[in-house]
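This document starts with one chain, in the form predicted alone, laid out as structure tokens.
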């Protein structure tokens, strides 16, 4: 039997027993729900119901830190609310012979529960603004990466089209005759910041690298620069995180991070494959054959 079924069965039995013995069903129910929620959250990483491993980019590490900070704040708030709720249910539940009293409320308490959440939200907004600026503000991008985008990524139903500049050239906004093209296969140098130009050809898409914690909507009619740094060597998934049509589920690609020398070689090999017309080798042989007799006539 699944451990989760065992937990749910034992939990249900505990709630029913608490209700039958103490006539405090709702306090027991809310108490058990709080314990179960926190317990499942603690166990979730071991069942891979969590983030897809550690962040593999510097920006991703900072985003994870923000995520866990907010998670701690919300967890403490969640537990505190349940403690107050259960206390109120037990203390103020109806009792035989006791007449209920009317209370208009407490202005002081209302001020507290308005100011405290506002202060927490203000703290979070100020605390994360530096990370937000470095991810969204083009002026804060690495200067070399900003001036030399590695590729243009165009989202379309239901694939990622990638355009690289020819080796030794810069990526231009307007496609050039010697540009290089692939589909669903984005290569970048690892260990250094890179910038891509993100576009959409049809509807709203979302460029998502879950292992790097990088996510940016691709908006029709807009060219959006995205900076990230892959701190790994190998392959990770590239997916669309915006419902973009019936084939959304299959809009997947891969990000390959490799050494700079291997990345340069990849572009040269891609250029060779793209330039191969299948007959150029034969033409070269014909040129040599025609040139050889001419050379023999001039000893």
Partner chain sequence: MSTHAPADTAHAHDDHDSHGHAAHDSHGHGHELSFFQKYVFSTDHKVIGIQFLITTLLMLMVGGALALGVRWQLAYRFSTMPIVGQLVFANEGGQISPEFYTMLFTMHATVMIFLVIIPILAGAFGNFLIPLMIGADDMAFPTLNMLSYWFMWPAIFFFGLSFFVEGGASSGGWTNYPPLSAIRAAAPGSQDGQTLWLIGVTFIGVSSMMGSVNYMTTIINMRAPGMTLFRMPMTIWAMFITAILQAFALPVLTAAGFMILADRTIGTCFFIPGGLTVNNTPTTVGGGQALLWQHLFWFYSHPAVYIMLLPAMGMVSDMLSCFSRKPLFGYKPMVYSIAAIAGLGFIVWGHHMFISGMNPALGMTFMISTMMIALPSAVKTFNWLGTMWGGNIQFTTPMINSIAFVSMFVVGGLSGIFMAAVPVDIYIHDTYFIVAHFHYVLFGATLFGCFGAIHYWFPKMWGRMMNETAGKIHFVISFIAFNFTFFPMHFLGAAGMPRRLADPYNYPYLEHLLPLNQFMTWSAIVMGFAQFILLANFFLSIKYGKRVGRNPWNANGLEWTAPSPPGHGNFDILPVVYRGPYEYATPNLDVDYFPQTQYVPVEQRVNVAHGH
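What you are looking at is a predicted structure, and each value in this text was computed from that prediction instead of being measured. Only the largest set of C-alpha atoms that superpose within 1.5 Å between the two forms is called the rigid core. Positions refer to the first chain, counted from 1.
This next part talks about the form predicted together with its partner chain, which is not shown.
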Assess the spot marked by 106, 204 and 238: is its partner chain within 4.5 Å of a heavy atom from every one of these residues in the predicted bound form?
-> yes
Taking 4.5 angstroms as the cut-off for heavy atoms, does residue 94 touch its partner chain in the predicted bound form?
-> yes
Could you confirm whether residue 214 comes within 4.5 Å of its partner chain in the predicted bound form, counting heavy atoms only?
-> yes
So in the predicted bound form, does residue 252 come within 4.5 Å of its partner chain, heavy atom to heavy atom?
-> yes
Residue contact check: residue 172 to its partner chain in the predicted bound form, 4.5 Å heavy atom | no
Interface check vs its partner chain in the predicted bound form: of 180, 89, 186, 194, the one with a heavy atom inside 4.5 Å is 89
Partner-proximal stretch of 186 to 194, 126 to 134, 162 to 170, 146 to 154 relative to its partner chain in the predicted bound form, 4.5 angstroms, heavy atom | 126 to 134
Going by heavy atoms, what in 75 to 89 lies within 4.5 angstroms of its partner chain in the predicted bound form?
-> 77, 78, 81, 82, 84, 85, 87, 88, 89
Take the rigid core as the frame of reference and indicate whether the C-alpha of residue 73 shifts by 2 Å or more between this form and the one not shown.
-> no
Residue 117: Cα shift of 2 Å or greater between this form and the one not shown (core-aligned) | yes
C-alpha of residue 108 moved at least 2 Å between this form and the one not shown on rigid core | yes
